[in-house]
Structure formats: structure tokens, C-alpha cells
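First, one chain by itself in C-alpha cells, the form predicted alone.
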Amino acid sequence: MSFINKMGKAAAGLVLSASLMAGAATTVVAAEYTKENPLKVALVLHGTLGDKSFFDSAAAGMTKAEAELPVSVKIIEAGYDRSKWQPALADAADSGYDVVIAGTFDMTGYITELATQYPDVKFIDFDDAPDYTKCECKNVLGVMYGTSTAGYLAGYAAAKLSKTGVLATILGMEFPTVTDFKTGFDQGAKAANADIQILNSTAGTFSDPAKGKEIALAQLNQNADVIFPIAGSTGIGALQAVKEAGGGKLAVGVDSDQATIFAESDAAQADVIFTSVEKKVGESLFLALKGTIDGSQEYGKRILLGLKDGAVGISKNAYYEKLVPADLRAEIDAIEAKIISGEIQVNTDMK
């Protein structure tokens, strides 16, 4: 038998052995966690709940996890004072949690540092990921979202619904996980109407509703009749501006199904949000925890989720059905299928 054949058989044996061990490990992990002995999870928010967007979506995923999985969850609201973020994360890592979750580029550096100090703790970094070539991050899972694919659908619909031919976007800050929404939105809008005008402003913050409202009012004064704020709590002010403007002005929500979220507390606000580009953070975190429990979720890697994974999409709720004509909804469904199949290629900032 040749050396290569011998090595091939030896390698095959190792793969088989590894597979058997992996299977055994998965069984042990699955049996380890029960409602009486749950997976202990901490979600550290560098902000507060109530943003009706990003953080609330993450928290919803934790609620679902506690209802359906053998997990116990503590949500830690670190607030908007940057000096408190690292201590809050470090305290969670040092408090006996099995999994510590935090998100966005603001927290990635802290996660990277703590991952080496707490190798037995698993970290989930959502909406960003560390540079795995530059850190010992075998215990870190990076979960990222290709939002341009869903943004394309919202942009296409917005351009078709616009009566003035002027749309507007508001960015909290400019980095790929934010601009990717706009990249798809702009492409979809141009596909629907090559002559569409798209105004854009960058607020420089995700936590200033007053500034979001000020920017949106200026855009409305420049004839924009559909506004898409991609700006967290800053965007709430922009949505308010659209509501107060009346006259058929519309908005696109972001991250969560914002119309449904507003439905009970502010029906007038919900009535102007014809759809939202959803980054389904909660669902992705739920699935990551489920995989952690059954042993199928790998750490030490980045995963990029998109439209075909069901991790992003647009809200197709009662407001969408009321404000978007049936023929346009059918057209958007067809476009969505083409994006998923690859027939339509959507630009992205997520490299």
C-alpha cells in the first residue's frame, strides 16, 4: 500500500473518530441542560430597552429562548454612558454565565479582550465579529446580517409609493452594518424609478430622538415623502416627524417590525410605517442558543445571515397590506424570490 493510501486511511479513521466524539459531545451537551439546570445567559445591552428596534429585538429573542429552551437569561442594561460598557460586560463574564451576549462594533473590542481571559465562557457578538486572525477567539461567535437584500425590497416599494419622487434616509453613523441597509434601499429604489431622488443625512448618534426629528423635518421640507431612518432611538424622532407631517407622508421602520410595536401605544405612528426592514436579531440569537445547547453551533467563526436564511426581511403586516397596493405587493414577492434565487444580485457593504 502506498504512503498516500496509508495516510488517507489513517486520516479517514481520524475523521471517523472525531465524528463519533463530536456526536458523543453533542449528546452530553444536550443532556446537560434542563429547566432545573439551565444554560445561564447574560445579554449585555450598551443602551436600554424601549428603543422599539435593535435592543428590543434582542430581548425578544431572550424571551423566546426562556420559553422554549432550558435557559435562564439576565438582561443587563448598561445605558448610553460609554464608560460603563466594558465594566458591565466584564462583570457578566465574571459572574458564572455560560454564554455572554453583546452586540455591534462598539462592544467587539471588549469581547475580544474578555474572551482570552474567560476561555470557558462562550461569547456571542451580534451585528459584528472580531478579526479571528488577530485574536484568540475560539469561544466567540460573530453573527452578522446582510440587510441590503431586505433594504432593496423596501427601497423598491418606497420609490413606487412616492408621489414626489423624493425619498430620504437617515443614518445613525456610517459603518457597514448601518450603510448596508441604505446600499440595498438605494439600489431597489433606483430599480423601481431611475429618476428617484434620495436625500441622506448622518446624525452621528443612535440615541438622540430630537436630532432625528430635526433632520427628518428638514428632509420633509425638501419634498421627501418617504423617510427611512436607520438610526436606533434617533430614528424614533424621525418617525414622529413623519407622523406629525401628515399628508400621506410615509416611513420605513428598521430592525424590528416597528408598526406592530407602536400599534398599541401610538396608533397614529403605526399608521405611517408601511413596512420595516427587519434585522431579526432576536431570532438569530435564539437559534444560536439552541445550537449551543444541542452542540451544533460552532464558535470561533463569523456567520453572515441574509434574506434566504430568514434572518432579515421586510414586515408584511396589516399596515403593509393597507398601504401597499396588492399588485405592488405581488411584484415585491416576485423580486424577493429572485433575490433569494440569485437572479437579482444586490450590492452589499458586508464583505
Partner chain sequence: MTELLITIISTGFFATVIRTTTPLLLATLGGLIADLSGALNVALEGMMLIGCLTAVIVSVYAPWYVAVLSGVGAGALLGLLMAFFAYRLKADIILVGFAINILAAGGTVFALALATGGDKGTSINLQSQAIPPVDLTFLSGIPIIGPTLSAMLTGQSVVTWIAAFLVFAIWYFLYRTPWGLWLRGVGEYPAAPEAAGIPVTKVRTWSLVVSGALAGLGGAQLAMFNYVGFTRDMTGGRGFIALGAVLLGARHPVGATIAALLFGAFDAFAIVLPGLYNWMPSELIRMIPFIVTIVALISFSVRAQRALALRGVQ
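Note that the coordinates shown come from a computational prediction; the quantities given were computed from them, not determined experimentally. Positions refer to the first chain, counted from 1. Basically, rigid core = biggest C-alpha set you can superpose within 1.5 Å across the two forms.
Beyond what is shown, the protein has a form predicted in complex with its partner chain; the following relates to that form.
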Would you please decide whether residue 117 lies within 4.5 angstroms of its partner chain in the predicted complex, comparing each non-hydrogen atom pair?
no
Counting only non-hydrogen atoms and a 4.5 angstroms cut-off, does residue 215 reach its partner chain in the predicted complex?
yes
Can any non-hydrogen atom of residue 223 be found within 4.5 angstroms of its partner chain in the predicted complex?
no
Is there a heavy atom of residue 237 lying 4.5 Å or less from a heavy atom of its partner chain in the predicted complex?
yes
Can you work out whether its partner chain is within 4.5 angstroms of a heavy atom in all three of 48, 200 and 208 in the predicted complex?
yes
Between 94, 113, 77, 106, only one gets a heavy atom within 4.5 angstroms of its partner chain in the predicted complex; which residue is that?
77
One residue of 183, 177, 139, 233 in contact with its partner chain, assessed in the predicted complex (non-hydrogen atom, 4.5 angstroms)
233
Where, among 64-72, 49-57, 310-318, 33-41, do residues come within 4.5 Å of its partner chain in the predicted complex by heavy atom distance?
49-57
Taking the rigid core as the superposition reference, indicate whether the CA of residue 83 shifts 2 angstroms or more between this form and the one not shown.
yes
With both forms fit on the core, is the shift of the CA atom of residue 48 between this form and the one not shown 2 Å or larger?
yes
